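Read the single chain below, which is given as structure tokens and is the form predicted alone.
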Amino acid sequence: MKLLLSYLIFPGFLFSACIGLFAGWVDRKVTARIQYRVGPPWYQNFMDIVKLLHKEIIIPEGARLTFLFAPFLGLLSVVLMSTILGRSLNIYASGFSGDLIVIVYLLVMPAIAMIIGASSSENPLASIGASREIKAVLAYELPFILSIIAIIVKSGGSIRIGSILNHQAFAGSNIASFSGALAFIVVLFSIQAKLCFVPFDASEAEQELMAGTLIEYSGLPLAMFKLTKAILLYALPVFLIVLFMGKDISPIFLIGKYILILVSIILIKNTNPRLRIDQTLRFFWGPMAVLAVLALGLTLFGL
């Protein structure tokens, strides 16, 4: 019963979704102010989800079963990931051996879900979006994984989040070192791509593809995809804090660090133009890959 409540309430679905939807409102509000607009009220994202739950589910002609299966795959993956991450922050439930690897695997599932769903819809614009999403995943996963490996090496080879936090509690936050700072930059931009935020939102480019991978979704399935992104907006900054800023994770410091990373994500989103997919590939396989390899090399030398 206690485990079930953790998956449903804290730190599971309800908690993650509420924090993520509120963070999404902060993003929309800041973006609106930058563009000299008022922006939506704080409850707008919650009302959007409720509205979608009452909408009709329209299934495109020729769509396969995976069209409806994909949103469940993405949402279940992020709920499981956020729950594991939240429980690992609790001293009474400090995760399990290899939980870092499980989280890294689960983080790629939302993108795979979008690719599967878009490919199943048989819409040409959705297919273009799916193609771009595949290329984006291939681009950012390489430097992202290399940066994670650098943190694993710095933590004595541990792949347990609790051990990584314990290492930082005694040795200081990973971001305070040269290798940690470089890895942090790489992971921050990778998170931007995982969220499908500007400048890495080519797969959903509204001006080009009219929502791209999500163009055929409506009602409950679309609400599930929006909830998936909202939970990612909560879980990914927390994941970044755990890996790089884990010296002090008391509630006050955790909230402050989360706000700092959220502001950074919003600033990147509002100060850069959208990159073409070939530019995204060059960015992650070029400068980001070099930084990730350099961070890993510096880690091996203890820097």
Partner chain sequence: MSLKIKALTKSLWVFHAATSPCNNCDIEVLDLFTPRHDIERFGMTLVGSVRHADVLVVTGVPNYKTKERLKKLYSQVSKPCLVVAIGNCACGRIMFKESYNSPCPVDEVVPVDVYIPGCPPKPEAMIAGIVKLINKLKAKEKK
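Please read these numbers as outputs of a predicted model, since none were measured by experiment. Residue numbers count along the first chain shown, from 1.
Separately, the form predicted together with the partner chain exists; it is not shown, and the next lines address it.
For the three residues Tyr43, Lys55 and Ile58, which mark the spot I'm curious about, does each lie within 4.5 Å of the partner chain in the model of the complex through at least one heavy atom?
Every residue of the candidate spot has a heavy atom within 4.5 Å of the partner chain in the model of the complex.
Among the candidate residues Ala193, Leu227, Leu85, Ile215, which is the single one with a non-hydrogen atom no more than 4.5 Å from the partner chain in the model of the complex?
For this set of options, the contacting one is Ile215.
Considering non-hydrogen atoms and a 4.5 Å limit, does the partner chain approach Leu222 in the model of the complex?
Leu222 belongs to the contact set for the partner chain.
Close approach of Ile259 to the partner chain in the model of the complex, 4.5 Å, heavy atom
No - in the model of the complex, heavy atoms of Ile259 and the partner chain never come within 4.5 Å of each other.
Taking the shortest heavy atom distance, is Arg28 within 4.5 Å of the partner chain in the model of the complex?
Judged by the heavy-atom cut-off of 4.5 Å, Arg28 is in contact with the partner chain in the model of the complex.
Going by a heavy atom distance of 4.5 Å, is Ser250 a contact of the partner chain in the model of the complex?
Looking in the model of the complex, residue contacts with the partner chain do not include Ser250, since no heavy atom lies within 4.5 Å.
Based on heavy atom distances of at most 4.5 Å to the partner chain in the model of the complex, which listed stretch, 266 to 274, 28 to 36, 251 to 259, 237 to 245, is the contact stretch?
That would be stretch 28 to 36.
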